[in-house]
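Below: one protein chain in two forms, given as structure tokens, structure 1 then structure 2.
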Structure 1
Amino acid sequence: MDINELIGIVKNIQGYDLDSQQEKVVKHGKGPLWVVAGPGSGKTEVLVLRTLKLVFVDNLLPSSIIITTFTEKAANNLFERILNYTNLIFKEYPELESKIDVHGLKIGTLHSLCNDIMLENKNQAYENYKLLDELEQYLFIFEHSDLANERSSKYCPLFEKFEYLFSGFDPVTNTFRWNKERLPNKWRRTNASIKLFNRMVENLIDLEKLKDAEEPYDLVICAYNDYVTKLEEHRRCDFAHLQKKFLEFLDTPLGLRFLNGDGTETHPGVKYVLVDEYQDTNPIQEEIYLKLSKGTHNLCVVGDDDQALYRFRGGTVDCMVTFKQACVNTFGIKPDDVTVIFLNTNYRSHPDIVYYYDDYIKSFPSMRLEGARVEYKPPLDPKGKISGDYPSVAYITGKTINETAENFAIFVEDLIKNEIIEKPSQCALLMRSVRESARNAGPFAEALRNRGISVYNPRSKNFLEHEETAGILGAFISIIDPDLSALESVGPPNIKNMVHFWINEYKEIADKYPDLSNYVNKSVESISKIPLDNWIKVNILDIFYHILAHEPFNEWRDDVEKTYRLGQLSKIFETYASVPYPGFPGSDRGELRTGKTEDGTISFGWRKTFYYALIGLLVSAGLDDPEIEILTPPDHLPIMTVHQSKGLEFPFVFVYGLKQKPRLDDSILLEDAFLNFRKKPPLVNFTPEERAEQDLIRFYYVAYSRAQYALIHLVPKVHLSSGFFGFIGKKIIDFKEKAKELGA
């Protein structure tokens, strides 16, 4: 098939032509390709078509092509689209069907591909490793890492240097600052260790360079090496080290066979690499992509530097901004050998919205600094189907946040009542934190619900407060710590309060369901008869499932919402059970044992650790509901973080939170602390303050560019003052000129 045939087929299916820039991307031949794609410019479609071109026109074996996306959902979506086109192509060219197997394409997140490729190629250094998710990594570090557990003042210089990671409110002392007598608490040290260790790997820190650095970097190496040793001892691997292992794998004989192929169809080698959302790539990922394409130079990256959101995962926009230079340095080619294509036509939003966010991002001096954006970026060019003379950029206000929320809910209700939209899911409320507290999503969710509009807010962090989760935890604790003696020994009041809340929930339920309380009481009695220092014949998940077998849980496990939370809780129990005891690889914390000194109770140490490690984490971090739906249920209005909204679009987008100031958060400070120790020195240099400001500006840019028909700010009157970053050029005058006020 030739390229024009392919493009013709696509046109027949879609009913429209590719624009000239899109066509260039699809047609591009060999060599690095840098696609700078603005919001709503059809970049996913272009990636799909470019893949089809490689398979059907260039006749490459699908299994020699790697495509990475940012989420599994996006990967599934991409593959689905490729598959649909492929089926239509087969209808016209049936002879191709037995020759081409697009299922061979390697599509996924970089993490999932690293994992799958190493398993598929039997990388011995990755055999039988347990991949730790966030919760598992937390629990592992909490129990095992020296940095979280050392009781002497050994790490004080490190705490001092990384003060922003280790200071913070301590509910026991009621203070923010640690001191030598009272070191930072274990939860804080655990969280800090996660950030520190992940960052060191993600930013490709050179341990040799760290060795030569002044104090306390020697302590950093010491803490990090201790962590890695323990990971290996227990055959655990976190997501950051998964990538490190993959990079190392590529240098082994099996890795080289994967990379270069061996002439068979089973091992065709890697011929093309395509990367979506490249703006959120971190240095170790950049290194992986460059290494995968070092032999071919066939690396195509697609992204928008203005939409970078993931510095806290080690992402640096710099990878996107400096792609050309990175290719020049790594491949030893000339700058002109890197093809740059700008996809700047916007098909998503009303033209006024497009002009608004295009003006917005350019209105800040910090975005005009060299290296802040991809150079020579053209302005966005709106060519979508949406038009009309109505206030497409507007704001709703009120005296307070509550009044603003009320006016917003009335407005949404009117939109539905007057058939401007069909369903609440055609709106989205975007904000920084969707916790349903008074200063965040609380008033908005309440105002909507008061008007009968359901809200979809899976990240509201109140997972542990539902009757089924609280009830089952209460029942479980009533069995393992019936007199709450271990709980009483726990310091932080927030743990105690939460556990008491669960116990009360359980008691209320148990009053109505005697079978349940009977089971709990008999279990307590049964444990009380077990002699000292003996194994108990059921593990913690067994207890969980026995509770679940009783009403009302038995009925709840078939309730559409409750059952997913209960399932999630079983996963948390399983995770906790799988954390080995320090020094005992393969041990299973889910097995229970009676105490050595006290009759008829579960080991005091076990109970105490359960509260400190697991409950402490659940309570301090807050847990999200499992996200069941791939899409928002149509009768619900989604309240989401800007991060959740990445890649999505909605007819009406409401954004709350213009009164933000850039914060020097730990991800920025940490990046700065390790800047000079990277294996490859960064190609762009900004101060932490500049990076913080740029990040905040990009954050709103992503929010604004989700809107199709209308972008509506929610701004309480008290926030309507100059100097904050949600406004064009920080100026309220410009803002009021561009955005129209909506009355109730």
Structure 2
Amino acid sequence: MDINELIGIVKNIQGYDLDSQQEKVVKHGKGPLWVVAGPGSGKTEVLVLRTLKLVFVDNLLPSSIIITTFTEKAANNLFERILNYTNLIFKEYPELESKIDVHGLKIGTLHSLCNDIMLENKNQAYENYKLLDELEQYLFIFEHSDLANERSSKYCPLFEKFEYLFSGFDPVTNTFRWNKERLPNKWRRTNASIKLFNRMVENLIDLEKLKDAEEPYDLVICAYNDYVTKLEEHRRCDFAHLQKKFLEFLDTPLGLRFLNGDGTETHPGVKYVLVDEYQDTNPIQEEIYLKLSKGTHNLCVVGDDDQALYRFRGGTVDCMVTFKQACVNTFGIKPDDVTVIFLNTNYRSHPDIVYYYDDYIKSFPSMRLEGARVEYKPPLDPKGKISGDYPSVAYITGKTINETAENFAIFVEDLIKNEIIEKPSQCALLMRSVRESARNAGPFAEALRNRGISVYNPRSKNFLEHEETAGILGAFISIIDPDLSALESVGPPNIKNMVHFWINEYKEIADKYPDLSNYVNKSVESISKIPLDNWIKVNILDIFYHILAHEPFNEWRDDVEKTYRLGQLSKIFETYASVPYPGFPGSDRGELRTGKTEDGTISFGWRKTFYYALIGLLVSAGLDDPEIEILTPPDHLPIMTVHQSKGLEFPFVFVYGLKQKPRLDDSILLEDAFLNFRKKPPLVNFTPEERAEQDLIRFYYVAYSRAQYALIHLVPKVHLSSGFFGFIGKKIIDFKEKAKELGA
């Protein structure tokens, strides 16, 4: 098959031609390829077609191609598209079906691929390790890290230096900041440890430089080395260290065989590397991608610097902006050897919306600084099918947030009544925080519900208050701590209040379902007969799943949302059960033992740790509802964070919260604190204030570019003043010129 045949098949399937820039990406041969893809430009489709070109036209073994993207969901979507095209190609060319197996493609997040590749290649430095997800890392650090557990004043200089990591509201203790006359509490120290340790690895910090630095960096090294020692002792590996181990693996004989191949189909080597969402890459990931493709230079990255959102997870837009120079430095090539292709044609939105957010991103001086954006970026060119002379960019206002919310709900109701939209899910409300509180999503959700419009808000932070999650947690605690004696020893009232809420929810359910109540009571009775200091023959997972097998939990399996919440809770329990005891490799907290001083009760220390570690985490994190891998229910209007909306599009997009100014959050301050210790200094640099401003501008840009037919701002009158970054150029005059006010 040649390239024109492949493109012809695609045209027959899709009913349209690739544009000239898309075709250049698909047809590109060898060498670095830098695809700067604006919103709605078809970047995912182009990445799919480029992969098909490598397999069906260039005849490469699928197993020699690596494709990474930001989430498992995106990776699954990418592979499904590849598979669908492949099946249609096989109908045209049935002789290829026995020769090509696209399941051999290495597609996934970088984390999942690092894990799989090292296991497949039997990397001894990674054998028999348990990979920790974010929850497991938190619990491991809470239990094992010296920084989280040290009670003396040893780390006080570190606490002072990185004070911003211990500030802000603490949901566990219901306090702000921390009292410097006392040590930060264990929850604050655990969260700070995660940020410190991950950043040290992800930003490729030179530990020798750090060791030679002044106090308190020597304490950072001390805490970090203790954590790494504990990880190795218990054969655990977090996501950051997984990447570090993979980078080291690539320099071993097995790693070199993986990179270069040995002439067999089993080990074909790495021929091409394709990376999606490159704007959210961090320095260690950049190093991995460059090393994977150093022998071939066949590295293709796709992304949009204007849509970078994940600095708080360690991502840095610098990798996208400076990709050409990184290739020049690493591969020893000339700048002209890096092919740059701009996908600037927008097929998603009404032209006025495209012009609006293109003007928006350019209206700030900080975005025109050298290195803030990719050089020579052309303006977006709208060529979609959506048109019409109506206010596609507009705003709804009111005297207060409540009045604005009411006018918003009236407007949505009118859209439905006048059959402009068929269902509420064709709208989306985007915000920074979707907590249903008075200052965030609360007034909007209430106004919609009052008009009979259901709301889908999976990040409302009320996961722990749903009847199914509260009920099962109440039943579990009624078994392991029936008199709540361990709970009474816990200090923070928020933990106690939440547990009492769960107990009450369980009692209400138990009154209606006597079988569940009987199981709980019999379990308590059985435990009461076990002598001092003896193992109990069931672990916490046995108890959890026995409760789950009873009604009403069993009958709730027909409810998709309830099922997913209970599924997430079961994963949380499985995670907690797997956490080893300090100093006892191979142990786990799932096994239960009676106490040493009182017959018939589970160890007081176990119960107390359960409250402090797991329940403290649940209360602290406020757990989101799980994001169900299905579309928003058609009869619900989704309320989403801007981060959650990334990669999605909606006919009507409403954005609330334009009255914001940049914040120097801990991710920026931490990045700055380690800047002089990086093994590879950044190729561009900005002040913390400039980075904070650029991040906020990009945040709104992502929100605005989700809209297809209409972008509507929700702005209370008290927010209508210049100087805030949600408005084009921070100027209300310019904003009002672009956006038409909609009457209530």
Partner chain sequence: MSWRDYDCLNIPLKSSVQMKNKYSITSDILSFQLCRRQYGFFGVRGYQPAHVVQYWYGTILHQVLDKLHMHYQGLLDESTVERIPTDEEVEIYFNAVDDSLRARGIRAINSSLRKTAINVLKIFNALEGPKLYPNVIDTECDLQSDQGNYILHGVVDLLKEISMAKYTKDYDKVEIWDYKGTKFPDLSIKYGQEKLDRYVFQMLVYAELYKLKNGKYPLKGKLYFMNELFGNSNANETPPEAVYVVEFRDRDINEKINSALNLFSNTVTEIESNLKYDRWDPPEQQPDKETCDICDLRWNCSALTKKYPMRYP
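Everything quoted here is computed from the prediction, not taken from an experiment. One-based numbering along structure 1's sequence throughout. Under this definition, the rigid core comprises the largest set of C-alpha atoms superposing within 1.5 Å between the forms.
Colleague: The form predicted on its own: is that structure 1, or is it structure 2?
Modeller: It is structure 2; that copy is the form predicted on its own.
Colleague: With a threshold of 2 Å on the C-alpha, tell me if Pro482 counts as moved between structures 1 and 2 once the core is superposed.
Modeller: Yes, shifts by 2 Å or more.
Colleague: Once the core is aligned, does Thr601 move its Cα by at least 2 Å between structures 1 and 2?
Modeller: Comparing forms between structures 1 and 2, the Thr601 CA shifts at least 2 Å.
Colleague: How about Lys385 - superposed on the rigid core, does its CA move between structures 1 and 2 by 2 Å or more?
Modeller: No: Lys385 shifts by under 2 Å between structures 1 and 2.
Colleague: Once both forms are fitted on the core, what is the Cα shift for Glu561 between structures 1 and 2 in Å?
Modeller: A shift of 3.0 Å.
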